[in-house]
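Consider the single chain below, provided in C-alpha cells and representing the form predicted alone.
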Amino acid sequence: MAEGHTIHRLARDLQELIGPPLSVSSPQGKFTEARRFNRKRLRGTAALGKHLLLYFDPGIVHVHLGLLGKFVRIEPLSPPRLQVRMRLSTAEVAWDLLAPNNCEVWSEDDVENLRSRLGPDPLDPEADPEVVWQVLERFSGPIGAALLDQSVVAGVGNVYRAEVLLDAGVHPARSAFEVSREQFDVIWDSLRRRMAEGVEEGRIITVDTPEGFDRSSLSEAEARNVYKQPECRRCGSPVEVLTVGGRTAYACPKEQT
C-alpha cells in the first residue's frame, strides 16, 4: 500500500494542474461523477495520511490508492487505457488514476470526519507528537501495531515501521506503553525525516550513503536496512521475521531488544 510520502508527493506534483479548466473524464466509466468536474478548475490539493484530496471549484474528490492504485503522468494526447478510473488533463499534461481503492466525491463534512479519525501526520508541520505519545502510553498492543494504526499515526506503512523502529532500537513486538519517551522521540524524529526524504526522492531509502552518492541508483533490495532483508545492513545479524499487528514485521535481534 502507498505510504504517506507517496500521497504528499502526489499532492505536491498535482498542483501543476491548478489554474486552467481541466478536462476530467473516467475512461473506465466507474467514476460516474467525473463529468461533474469537467471544465472545472482545480484550486488545491491536500494529503491526509494515506488519503489524497483534490479541491475543485466547486467540489472535492477523495482518492485512496490502496494496494494497487497509482497516478501516472503522461502526454495529454496519449489515448487513455481502458482501466483508467479518472483522467485529469490540460493542453500540456495529463494525469491518469489507475486501480484506486476509492475515487469518490466528498463534502467538507466528509473531510472533517476523516480528520477526526486520523492521528497526527508526521509530514504535517503542525502535527503534535504529544498527541501520539499520550495514545501510546495507553495503547494495549505492541508498538509495531500502534505505528500501523492510522488513528494513532497517519501515513505510516510497513516499510517505515520497520526502519524507524530499527533507528530507535525498539523491537516491533514490545508493548507500546513500555517504549520510553527518549525512544519515542527518536521514532517520531525518524518518521518526519525519513518520510520527508521519501517525498523528495519519490521512494523509501533508509540506508546511509556517502555524500554525493547517487541514491537513485540503489535497487529496492539495497535501499532498506531490515525491511525484507536477509541480514541487517547495519550489523550483519540475520533479520527476524514475525507477525505484528496482522502484518509481517522485520527486526534486528541484536539492535532491537
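Don't overthink the numbering: it's just position in the shown sequence, from 1. Please read these numbers as outputs of a predicted model, since none were measured by experiment.
Same protein, other form: the form predicted together with the DNA, not shown, and the subject of what follows.
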**Request:** Verify the contact flag for residue 171: yes if a non-hydrogen atom of it lies within 4.5 Å of a non-hydrogen atom of the DNA in the predicted complex, no if not.
**Result:** no
**Item:** Distance check, residue 255 to the DNA in the predicted complex, heavy atom within 4.5 Å
**Value:** no
**Asked** Hey, in the predicted complex, is residue 64 touching the DNA, heavy atoms inside 4.5 Å?
**Response** yes
**Prompt:** At the 4.5 Å heavy atom threshold, is residue 193 in contact with the DNA in the predicted complex?
**Reply:** no
**Complete:** Testing 174-182, 86-94, 156-164, 128-136 against the DNA in the predicted complex with a 4.5 Å heavy atom criterion leaves exactly one stretch, namely 156-164
**Prompt:** Of the options 31, 37, 227, 188, which one has a non-hydrogen atom that comes within 4.5 Å of the DNA in the predicted complex?
**Reply:** 227
**Prompt:** Between the options 105, 111, 99, 74, which residue brings a heavy atom to within 4.5 Å of the DNA in the predicted complex?
**Reply:** 99
**Prompt:** Hey, which residues along 2-36 are within 4.5 angstroms of the DNA in the predicted complex, non-hydrogen atoms only?
**Reply:** 2, 3, 5, 28, 30
